[in-house]
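Next comes just one chain, in structure tokens: the form predicted on its own.
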């Protein structure tokens, strides 16, 4: 299985739509953006602990400074392609095929939503498909977003994470994020506390 990343906002810009659209959306969708957001939202409903509705996805896509990084695969499985190039079925940089185009056979396996204000990034959501978790997808997305945006002048990266989400907390710590605040009763769905974390470059 090969994977690649898609900058959704860049992909659906007027220039991209006019010159680089690699497939037409299915008939029930008017635009490519509708199709991709629907696929993302379906994945969100299956796998994410963050409480978003569809309108929030649409609004965030329109917001100036927001960013959407999508991780997609060629549709194969780890079992059918020999298990990949990294140990224990994990993905690493060698599994990324930058030449692989997004098409109707592609499968969205993760996404990353953020917005930038001046020299700060606020990470809103990182979601990975249930069956692809603990395989390095979240690490690859986070590494890509940090490197790209550091090159654009971002110096501080902020996020909130549920205190119970130890996988995510450990992932962020691995990338140098540090806890600076506890927000009590932050999540509306169950009143859970949030850890506020920051990475400074």
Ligand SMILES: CC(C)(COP(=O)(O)OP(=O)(O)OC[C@H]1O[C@@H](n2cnc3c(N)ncnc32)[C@H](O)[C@@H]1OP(=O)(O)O)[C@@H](O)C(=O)NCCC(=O)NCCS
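All of these numbers come straight from a predicted model, not from anything done at the bench. Residue numbers count along the first chain shown, from 1.
The discussion below concerns the form predicted in complex with this ligand, not included here.
Consider the chain as shown here, without its partner, and state which of 66, 33, 139, 149 has a heavy atom within 4.5 Å of this ligand in the predicted complex.
Here the answer is residue option 139.
Considering 171, 37, 61, 154, which brings a non-hydrogen atom within 4.5 Å of this ligand in the predicted complex?
Here the answer is residue option 171.
Would you classify residue 145 as touching this ligand in the predicted complex, given a 4.5 Å non-hydrogen atom cut-off?
Heavy-atom contact with this ligand at 4.5 Å: absent for residue 145.
May I ask you to check whether residue 167 falls inside a 4.5 Å heavy atom distance of this ligand in the predicted complex?
Result yes; residue 167 sits at the interface with this ligand in the predicted complex.
Verify the contact flag for residue 125: yes if a non-hydrogen atom of it lies within 4.5 Å of a non-hydrogen atom of this ligand in the predicted complex, no if not.
Yes, contact at 4.5 Å.
Determine whether any heavy atom of residue 161 comes within 4.5 Å of a heavy atom of this ligand in the predicted complex, and answer yes or no.
It does: once this ligand is placed as it appears in the predicted complex, residue 161 has a heavy atom within 4.5 Å of it.
If contact means a heavy atom within 4.5 Å, which one of 113-121, 127-135, 98-106, 67-75 is the stretch that engages this ligand in the predicted complex?
It is 127-135 that comes within 4.5 Å of the partner.
Give, in sequence order, every residue of 177-201 that has a heavy atom within 4.5 Å of this ligand in the predicted complex, or say none if there are no such residues.
The stretch 177-201, when checked against this ligand in the predicted complex, contributes no residue at the 4.5 Å heavy-atom cut-off.
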